[in-house]
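Below sits a lone chain in structure tokens, taken as the form predicted alone.
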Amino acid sequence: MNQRLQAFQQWLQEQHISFAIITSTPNVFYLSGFYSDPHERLLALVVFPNEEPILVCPQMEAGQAKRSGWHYSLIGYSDIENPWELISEHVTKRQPAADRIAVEKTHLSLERYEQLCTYFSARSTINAEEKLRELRMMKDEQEVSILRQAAALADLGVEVGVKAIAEGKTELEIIAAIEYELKKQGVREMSFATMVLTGQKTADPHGTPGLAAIQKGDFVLFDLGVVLDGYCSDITRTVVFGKPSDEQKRIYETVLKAQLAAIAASKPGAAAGTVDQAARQIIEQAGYGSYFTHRVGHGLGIEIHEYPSMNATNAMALEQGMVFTIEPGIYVPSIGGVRIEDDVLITNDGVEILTSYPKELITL
């Protein structure tokens, strides 16, 4: 049995939990190695403290589950079967009386919770998410290797996008060029909807790309990432098309200085909040504090946003194996916005930057 399942089983034993039923795609993948998006159908992993787990998926995906390396019990159900009834039959053979059941409370819908209660009369339900977040925060060597490769592909995406910039080209045209090239490199899925913004639209941190055409003097902001073997990358770079104004230069230099300070603050034992504070202090001192409207970063892994949250109040100590983004920004509505983002890994004695596309101000 893999070390992730063993660690989770150990927690079940310590908490005297009868069994856990995990239903979110990322956590099922983390524990089982099987990745599936079954849409409205149920995907579940039943984990016991001392017995082999059970994977539950639509019958049409059972073959894929086996090919993924799953060698334990597997329930493949058809569209006319009730998977909860099948789960109950298998589980009660091992746990005739379930007293405490662990679930993902933020993921389990009310409808599925009612099904769970129909088939199992446990006294209490325990939230398994905190433990799973704790396990997933610490990346092992295999995960880090995949994240490095995903970061390199994100670098390529920005490189392609920058080369595609030309006056009159639209945001969506540049996105098409980026994703076409990444598809040719074997990327099946992006981490999130690729963002290319130009002009004053760059002042919206989560803007929506469209048919806006690039003009001389515009900031052009790229925010993108890929999914590789189940793991995400995330990079942001901002360039200027044409000659930048003095104010654009000042904003860019401030963000870059803030980002480098945040990277320098990222080391084992430091509180996560100090990374945000290091960047925020520089931006505030430059007079742009009210234009930095989000946390400095977020954990990164199977999901694009994981733990830890790199906000100013997070006192969690950084540890070797944590991977997160560092992405300060300044967004001035009348001028535009700048964000610079890297994926970083906490190492024994500091930090490794996984993304490597140049960060000095690029003018085209």
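Throughout, we count residues from 1 along the sequence that is shown. This is a predicted model, so every value here is computed, not measured.
What comes next is about the form predicted in complex with a further copy of the same chain, which is not displayed.
Per the 4.5 Å heavy atom criterion, a further copy of the same chain in the model of the complex is contacted by stretch 110-118, the sole one of 227-235, 144-152, 110-118, 272-280. For the options Pro209, Gly199, Pro83, Pro205, the one in contact with a further copy of the same chain in the model of the complex, meaning a heavy atom within 4.5 Å, is Pro209.
No residue in the set Lys249, Glu253 and Gln320 has a non-hydrogen atom no more than 4.5 Å from a further copy of the same chain in the model of the complex. Looking at Ala177, you'd find a heavy atom of it within 4.5 angstroms of a further copy of the same chain in the model of the complex. a further copy of the same chain in the model of the complex comes within 4.5 Å of a heavy atom belonging to Glu173.
Contact between Lys183 and a further copy of the same chain in the model of the complex is found at the 4.5 Å heavy atom cutoff. Looking at Gln95, you'd find every heavy atom of it more than 4.5 angstroms from a further copy of the same chain in the model of the complex. Residues are counted as partner-facing when one of their heavy atoms sits within 4.5 Å of a further copy of the same chain in the model of the complex; in 188-206 only Arg188 qualifies.
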